[in-house]
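Only one chain is shown below, in structure tokens, and it's the form predicted alone.
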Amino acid sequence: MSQSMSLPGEPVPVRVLSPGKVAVNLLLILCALFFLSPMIWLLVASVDTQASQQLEWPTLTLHQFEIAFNRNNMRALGNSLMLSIVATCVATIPSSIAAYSFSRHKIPGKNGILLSILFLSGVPISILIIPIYQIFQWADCLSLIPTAVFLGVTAMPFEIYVIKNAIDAIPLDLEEAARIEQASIVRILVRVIAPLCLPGIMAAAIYGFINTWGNFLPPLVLITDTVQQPSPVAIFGFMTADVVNYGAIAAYSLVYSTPVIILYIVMARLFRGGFVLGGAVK
């Protein structure tokens, strides 16, 4: 019988918390409160008629959400969805093909290329925004879709690295079995590789989506038409030189974060499942 189990009639051992465990738990609680405080402020300020930088008891109102749901702000939210979806497709599909090539093929100088890709994933976009703006202006591409393509390309280095690691975990026996059955490379990619490394592909796609969703400077500079501006620029519009509408910022931030929350909830089951390779070789 395991020592952790007590016999019938014996007293249940009482767990005694050491000072070290108490200190660690208190520290974790303080960290949790530190990270929860901005969310609490968002919830309170979004329904407060006189919202400010301080967290205080609100005077309840729904006027802030009326501002958040007006036509211009909803159009900006739609622009953000279009921007992020296009950028995610532009980044994820080519990155998956490139990651397969790096994982399965012998490419001269592959390690150096992978290190370069990993280095490029850490280069901030802001240092390139001026030359990119000049190129976009010369090509007359200062609009939504070209900006989405640009943001998708900037996410490709990191996505290639993530998807390659996912493909490396897939046994080569599966591809060899498919080749014996005379399956084409496209069929192998679609029917064998893609389903098995789907969690890795989706993790990379979520990164690309979030990377575009929260971008402020590139859309502000590269999209000249105010009708096509996304939500981060719309949030910036609540701040003027004279006054800052904290309540509207809080309400619209909650609306703006909703698609991302839905995305994580939908993908949670996929990530919990992980890589299911058991019995696949058989």
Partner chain sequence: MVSSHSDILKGRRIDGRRFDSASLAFLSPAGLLLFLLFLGPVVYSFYLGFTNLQLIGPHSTNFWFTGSVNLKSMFRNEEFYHSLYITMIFVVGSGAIGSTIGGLVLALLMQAGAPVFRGIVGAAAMLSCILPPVTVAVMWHASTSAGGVFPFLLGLPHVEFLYNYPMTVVSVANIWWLCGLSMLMFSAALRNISHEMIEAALLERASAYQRFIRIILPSLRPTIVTSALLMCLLSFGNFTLIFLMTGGGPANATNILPLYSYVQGFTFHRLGFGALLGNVIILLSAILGSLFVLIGYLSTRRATSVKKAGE
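Residue numbers count along the first chain shown, from 1. For the two forms, the rigid core is made up of the largest set of C-alpha atoms that agree within 1.5 Å on superposition. Fair warning: this is a prediction, and the values are worked out from it, not measured in the lab.
Here the subject shifts to the form predicted in complex with its partner chain, a form of this protein not shown in this document.
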TODO: Determine whether any heavy atom of Tyr256 comes within 4.5 Å of a heavy atom of its partner chain in the predicted complex, and answer yes or no.
DONE: yes
Task: its partner chain contact at Asn72 in the predicted complex, heavy atom, 4.5 Å - done: no
Task: Contact of Ile29 with its partner chain in the predicted complex (heavy atom, 4.5 Å) - done: yes
- [ ] Tell me, yes or no, whether Pro131 is in contact with its partner chain in the predicted complex, where a contact means a heavy atom of each within 4.5 Å.
- [x] yes
Task: Location of its partner chain contact in the predicted complex, chosen stretch of 198-206, 161-169, 73-81, 106-114 [non-hydrogen atom, 4.5 Å] - done: 106-114
- [ ] Note that its partner chain is not shown here; using its position in the predicted complex, name the residues of 88-104 with a heavy atom within 4.5 Å of it, in sequence order.
- [x] Val90, Pro94, Ile97, Ala98, Tyr100, Ser101, Phe102
Open item on the list: If the two forms are fitted on the core, does Pro58 show a Cα displacement reaching 2 angstroms between this form and the one not shown?
Closed with: no
Open item on the list: Superposed on the rigid core, does the Cα of Gly214 end up 2 angstroms or more away between this form and the one not shown?
Closed with: no
Open item on the list: If I superpose the two forms on their rigid core, does the C-alpha of Thr226 end up displaced by 2 Å or more between this form and the one not shown?
Closed with: no
